[in-house]
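In structure tokens, one chain follows: the form predicted on its own.
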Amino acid sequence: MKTNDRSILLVIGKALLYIWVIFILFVLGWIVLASLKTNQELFDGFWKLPETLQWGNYYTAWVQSDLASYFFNSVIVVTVSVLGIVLVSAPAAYVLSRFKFFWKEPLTLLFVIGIGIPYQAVLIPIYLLLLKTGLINSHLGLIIVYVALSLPFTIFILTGFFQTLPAEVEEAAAIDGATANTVFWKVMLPMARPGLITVTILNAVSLWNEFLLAKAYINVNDQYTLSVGLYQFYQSMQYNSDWVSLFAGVVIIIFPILIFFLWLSDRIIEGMTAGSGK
């Protein structure tokens, strides 16, 4: 491709990116503004600023609508799930990337195929399995499902990352007498930290916003995660029309994970681009 053509594509790409960023910032800004209005002000004018900031909307969403308990449920489920995903995926990806054995290629292909299976296709079989094992309506059951369904993507990403790490360091540690377990835990795993942080963030964001599985497998009010709790809150709008509190709830669900993402965004870029120059 000619240099001029690449420059034109680069300009178009940047322009589209800026438009997308402005649109997202506009939507987020409007949601925050709407969450600080009264219901009357919300319908009086799209751009009208609130006369007084209605912080009470957040109290209504957090306390009266019980988003607080849903929030902590989500924190527990997502934290334990992400830890489980990383603990299982990292050794599996290391073995697939570094060792030669008979079933290596079929196993790798199996994980790649697993990425393409939609949740809807396994929704009912998993439901019946959880029902049979007594794990339906429990956080443990949901965590096991999250870990199992997130493994293909995470192992695929980490396998590619481990392949970029220099083999010389691994060989030097082995020559010094380190066992395979020592090489993995004390040499390779610290070197893979950017990749581990990347998959941690991507899985945390995905599971924090996950709704379908949580709604299908949790039907007890005090076990709801935040996304399901917010949906229940939305359902109640047909009775009380407290839309501004709903927007406050949306802010509560969006901003914690957004701040977490922005805090570690440099690590994501570092992890995704590691080894690209090799």
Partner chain sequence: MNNEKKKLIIPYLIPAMALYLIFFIGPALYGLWISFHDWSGFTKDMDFVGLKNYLNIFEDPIYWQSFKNMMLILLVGGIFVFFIALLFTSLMSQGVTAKKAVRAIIFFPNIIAPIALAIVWNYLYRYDIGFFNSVLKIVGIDPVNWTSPDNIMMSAVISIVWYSTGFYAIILLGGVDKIPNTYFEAARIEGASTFKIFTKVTLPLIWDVFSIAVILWGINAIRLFDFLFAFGGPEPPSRMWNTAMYQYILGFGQRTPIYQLGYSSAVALSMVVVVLIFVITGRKLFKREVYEL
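Just so we're clear, the structure is a prediction, and the values are computed from it rather than from any experiment. Positions refer to the first chain, counted from 1. For clarity, a rigid core is taken as the largest C-alpha set superposing within 1.5 Å between two forms.
Same protein, other form: the form predicted together with its partner chain, not shown, and the subject of what follows.
Checking Asn240, Gln64, Ser69, Asn209 against its partner chain in the model of the complex, a heavy atom within 4.5 Å turns up for just one residue: Asn209. Between its partner chain and the residues Leu196, Ile157, Ala173, Ile144, the one pair within 4.5 Å by heavy atoms in the model of the complex involves Ile144.
Using a 4.5 angstroms limit between non-hydrogen atoms, Val250 touches its partner chain in the model of the complex. Its partner chain is not shown here, and in the model of the complex it never comes within 4.5 Å of any heavy atom of Thr52. In the model of the complex, its partner chain stays beyond 4.5 Å of every heavy atom belonging to Val86. Though the partner is left out of this view, Gly45 does reach within 4.5 Å of its partner chain in the model of the complex, counting heavy atoms only. Contacts to its partner chain in the model of the complex (heavy atom within 4.5 Å) from stretch 123 to 141: Leu123, Ile124, Pro125, Ile126, Tyr127, Leu128, Leu129, Leu130.
Asp222 is not among the residues whose C-alpha shifts by 2 Å or more between this form and the one not shown once the rigid core is aligned; its shift stays under 2 Å. Core-superposed comparison between this form and the one not shown: the Cα of Trp55 travels less than 2 Å. Once the rigid core is overlaid between this form and the one not shown, Phe43 counts among the residues whose Cα shifts by 2 Å or more.
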